[in-house]
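Next up is one chain by itself, shown in structure tokens, the form predicted on its own.
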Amino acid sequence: MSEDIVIGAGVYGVLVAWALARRGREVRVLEARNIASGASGGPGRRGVRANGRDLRELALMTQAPKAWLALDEDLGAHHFYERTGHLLLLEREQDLASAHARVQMQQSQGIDCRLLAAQDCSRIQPGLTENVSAAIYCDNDGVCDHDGFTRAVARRAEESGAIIEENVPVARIEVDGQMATSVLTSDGRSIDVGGNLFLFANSGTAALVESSFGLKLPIWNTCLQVMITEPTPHIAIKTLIGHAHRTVSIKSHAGDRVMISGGWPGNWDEASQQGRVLSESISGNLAEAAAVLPSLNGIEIDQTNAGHLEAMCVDDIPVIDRLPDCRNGFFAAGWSGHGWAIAPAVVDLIVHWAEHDYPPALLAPFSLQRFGVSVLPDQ
């Protein structure tokens, strides 16, 4: 039987491998380092939110709560996903002025959300600053243990017959007659592509597309820091918290700790392939968190991490398309820090695309055509 090749063992790679293996396909996953060693790994939990998303992504989020609950059930007794709701806090007059339009837009795309007054926000999340004037609330949003979930899916993919090879960097993709024919690994192996090729290497995708196809994607890599506090039994985080203008995201962690993040940069060392947190990012992120929840002022930090690269796209939504001049090759990259929640929907659509050789309409906004690039002459 023809073998499908998946490059990358983050959440997208292992989900597509599992989906293909359950269909009876032979699947081989090649991972440059280890399962969930990139953006799908690390401490804390990842947000599963529709609230505040780009319009183009909202159609992918309409089925997200059901999809995540179904996946959680499929994976057994350990529950990785939790529905918590999401508050997008508003303080400034200009943000409040546009909030009604955002609520209307999200509702028009099938997202259950509403605008709350300040007193209603405090009932959902006690202790908010008095500067909060309102919030957009999505009851169906939640969080997921991203590292645990990715590893659990990888195990299920292997149980279904997929082969996952770790520590196998791919150096080049070979194409002949608009078909990916093989991948060359850094240790000199050539692995045949008998079926389809799926490139989901996240921070490694842009470089591999450029070296193999000569196409420079509008994508770059960065590392973003997260922080986990010491136990804080006096602070109860009831929901996923975001903000309309502050760079902060706040989540509950392990019951009595708080995860603080939101997009503050770390410093990535290319030679060692390691990231380190920056003191100014730590202090800035903590200040933003305390401005939202004053009880976090002076909180002790137990863990900081900036060790996972994220691929950012110039217009803040991913690129999802065929590989250039390659009918059996598909890729996705540039998740811009918010690709986790849409993973089940994107994977289902890409697998359907590969099976039927026709691009799904829901993925059209993410194609290379938005940058004036046509990957195949007849598209």
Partner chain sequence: MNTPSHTCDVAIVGAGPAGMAAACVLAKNSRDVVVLDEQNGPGGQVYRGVDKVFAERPEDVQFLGKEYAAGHALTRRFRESGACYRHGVSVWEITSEHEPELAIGLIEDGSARMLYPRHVILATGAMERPVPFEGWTLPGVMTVGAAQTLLKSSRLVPRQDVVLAGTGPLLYLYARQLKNLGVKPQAILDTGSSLSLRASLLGLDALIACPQSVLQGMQWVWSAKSEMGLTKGVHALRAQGDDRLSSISYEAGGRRHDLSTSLLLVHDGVIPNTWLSMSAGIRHRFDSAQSCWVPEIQGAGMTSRQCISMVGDVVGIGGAQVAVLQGERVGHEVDEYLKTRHPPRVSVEPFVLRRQRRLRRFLDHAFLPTAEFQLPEDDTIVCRCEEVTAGEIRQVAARGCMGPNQSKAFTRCGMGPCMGRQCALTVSQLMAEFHGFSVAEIGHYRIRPPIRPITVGQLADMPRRLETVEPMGNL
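Numbering follows the first chain given and starts at 1. From a predicted model like this one, the values you see are computed outputs, not experimental measurements.
Keep in mind that the form predicted in complex with its partner chain is not shown, yet the notes after this line are about it.
> For D187, is any heavy atom within 4.5 Å of its partner chain in the predicted complex, or not?
No, D187 is distant from the partner.
> At 4.5 Å between heavy atoms, is N34 in contact with its partner chain in the predicted complex?
Output for N34 is yes: heavy atoms within 4.5 Å of its partner chain.
> Tell me, yes or no, whether E73 is in contact with its partner chain in the predicted complex, where a contact means a heavy atom of each within 4.5 Å.
Close contact is absent here: in the predicted complex, E73 is far from its partner chain, nothing within 4.5 Å, heavy atoms only.
> Residue-level question: is G204 within 4.5 Å of its partner chain in the predicted complex, judged on heavy atoms?
Judged by the heavy-atom cut-off of 4.5 Å, G204 is well away from its partner chain in the predicted complex.
> Of the listed stretches (297 to 305, 107 to 115, 191 to 199, 170 to 178), which one has a non-hydrogen atom within 4.5 Å of its partner chain in the predicted complex?
Within 4.5 Å of the partner lies stretch 297 to 305.
> Tell me, out of T129, S211, S283, S98, which residue has a non-hydrogen atom within 4.5 angstroms of its partner chain in the predicted complex.
So the residue touching its partner chain in the predicted complex, by this definition, is S283.
> Given a 4.5 Å distance limit between heavy atoms, list every residue of 250 to 268 close to its partner chain in the predicted complex, or none if there are none.
Result: H253, R257, I260, G262, G263, W264, P265, N267.
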